[in-house]
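Below sits a lone chain in structure tokens, taken as the form predicted alone.
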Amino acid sequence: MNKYQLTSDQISSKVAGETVILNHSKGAYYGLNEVGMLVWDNLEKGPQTIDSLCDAVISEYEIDAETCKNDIDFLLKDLISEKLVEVTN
């Protein structure tokens, strides 16, 4: 099963209750919503599977597993396309 990890092209910080991410290769800033912050916080701990990320979200929010997995998959694809997250094995 694939794992996802943060790339070395980014740095992040919490500002006024939000996670702000800088892709220093592109010079672009990104912000995450509350659920995105939870996913990001877990990725900061080390490589994660989509199932482990979904478990973390389900423990905090009322959402069914299938919807959670689909939403996290969508978020991870966005983060990968911006080179903020990469797939590792």
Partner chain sequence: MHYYKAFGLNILSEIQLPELSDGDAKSDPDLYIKSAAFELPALGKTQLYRRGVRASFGKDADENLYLHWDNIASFKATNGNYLYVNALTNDGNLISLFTVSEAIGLILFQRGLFLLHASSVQVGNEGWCFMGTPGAGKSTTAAAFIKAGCKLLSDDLTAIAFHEDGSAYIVPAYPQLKIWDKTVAGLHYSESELHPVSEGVNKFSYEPKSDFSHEPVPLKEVFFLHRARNRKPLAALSAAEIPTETLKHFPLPSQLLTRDVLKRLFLQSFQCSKSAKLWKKKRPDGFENLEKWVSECIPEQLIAG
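Positions refer to the first chain, counted from 1. All of these numbers come straight from a predicted model, not from anything done at the bench.
Missing here is the form predicted in complex with its partner chain; even so, the following discussion is about that form.
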Review point. With the partner left out here, if you bring back its partner chain in the predicted complex, are 75, 80 and 87 all within 4.5 Å of it by some heavy atom?
Key: no
**Study point:** Partner contact for residue 65 in the predicted complex: its partner chain, 4.5 angstroms, heavy atom
**Key:** no
Check your understanding: Quick one: is residue 71 in contact with its partner chain in the predicted complex, heavy atoms, 4.5 Å cut-off?
Key -> no
Check your understanding: Is there a non-hydrogen atom of residue 46 within 4.5 angstroms of a non-hydrogen atom of its partner chain in the predicted complex?
Key -> no
Exercise for review: Pull the contact list for 1 to 40: residues with a heavy atom within 4.5 Å of its partner chain in the predicted complex, in sequence order.
Suggested key: 8, 9, 11, 12, 13, 15, 18, 20, 21, 22, 24, 25, 27, 29
